[in-house]
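Just the one chain here, the form predicted on its own, laid out as structure tokens.
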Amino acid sequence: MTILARPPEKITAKKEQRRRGVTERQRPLWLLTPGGVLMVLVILIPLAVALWISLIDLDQYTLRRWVEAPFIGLDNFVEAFGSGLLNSIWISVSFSVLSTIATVPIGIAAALVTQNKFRGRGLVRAVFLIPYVLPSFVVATVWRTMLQPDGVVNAWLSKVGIEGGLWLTGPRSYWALILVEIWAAWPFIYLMALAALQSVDHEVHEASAVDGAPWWPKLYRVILPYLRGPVLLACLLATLNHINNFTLPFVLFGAPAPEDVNVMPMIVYVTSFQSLRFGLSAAMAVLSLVLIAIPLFVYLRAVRLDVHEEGGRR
């Protein structure tokens, strides 16, 4: 039996290709090292410290020797649920969802208006971005002045025959917070929708124009499908930003905030820096992190399924 040997040139080329392939696979790992080290220092280590603090009885009396603070297990988590955290979670979630639901149609409508060219389009786009580029404390300070009993809002309402009231305390404070958040946050949806509209092929617009498609079927069947992915991502990011927003309610209502707007960041702040219950506030912060991770996990799971479905179709 005759055994045919491979030519030395092919063997050398194959080894070189294999060596180059291993190097190319390993190279991104080396590039990720600085970012990985920074993530460990900035995120993972503080998270581990927060988890440890949530398991010990750390307050103003044990802060000086916090390493020797007594270990109490899950008592801080049990106390967190009994100290108003559930109410704060409900307020935060409802406030975030309502704000996102209101900002989505406003942002998409503004993107559709400024998509086509017209005289002064650049100025209109710049004006639309003003609420988004202003710092949160500036927005909250201006609206706090406007919502005073003798402020501009009540003056405008009285001119149209509507009785004003107290917007910074009581049940109206909840709707005042939503109003201010909508005003400050809708340009983010507008930016995401406008960026998605730029990806719509001009041939699609031309084909629908040739077919004589009315504006509503064209919007529903042609344009909105292109906006689905970016707008869903914008909704997720906007909702998480609403939940994490501390500056707006803090400047708008002060601390401690009224019961109707006692969102999670506010109750964590008051528990930590006014009540000086650092272990309890750390437990609340950990629970807030878990709550925020739920919609993020659902979105990432949905995106992964969509990618697998598209790959299967191909």
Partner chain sequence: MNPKKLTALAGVAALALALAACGGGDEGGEGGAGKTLNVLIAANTQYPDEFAAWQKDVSAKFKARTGAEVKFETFASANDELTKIQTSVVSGSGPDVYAVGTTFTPTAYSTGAFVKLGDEEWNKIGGKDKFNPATLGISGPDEQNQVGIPWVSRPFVMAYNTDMLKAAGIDKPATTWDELGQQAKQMTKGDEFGLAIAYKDNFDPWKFVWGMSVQAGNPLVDGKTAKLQDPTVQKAYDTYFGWLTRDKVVDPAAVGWTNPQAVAAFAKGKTGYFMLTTPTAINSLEQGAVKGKWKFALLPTVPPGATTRPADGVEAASILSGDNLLVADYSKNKDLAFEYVKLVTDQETQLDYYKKFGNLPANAAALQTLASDPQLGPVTEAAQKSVATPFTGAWGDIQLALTNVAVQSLPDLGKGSISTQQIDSRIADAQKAAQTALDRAK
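Residue numbers count along the first chain shown, from 1. None of these values were measured; they are calculated from a predicted model.
What follows is about the form predicted in complex with the partner chain, which we do not show.
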Taking any heavy atom pair closer than or equal to 4.5 Å as contact, tell me whether L276 reaches the partner chain in the predicted bound form. yes
Is it the case that Y269, even though its partner is missing from this view, gets within 4.5 Å of the partner chain in the predicted bound form, heavy atoms only? yes
Considering only heavy atoms, tell me if S199 and the partner chain come within 4.5 Å of each other in the predicted bound form. no
Classify A257 as contacting or not contacting the partner chain in the predicted bound form by the rule of any non-hydrogen atom within 4.5 angstroms, answering yes or no. yes
Partner-facing stretch of 165-173, 191-199, 87-95, 236-244, counted where any non-hydrogen atom is within 4.5 angstroms of the partner chain in the predicted bound form: 165-173
Have a look at Q148, S158, Q115, T141 for me and say which one sits with a heavy atom within 4.5 Å of the partner chain in the predicted bound form. Q148
Does any residue in 36-52 get within 4.5 Å of the partner chain in the predicted bound form, counting heavy atoms only, and if so which ones? V37, L41, I45
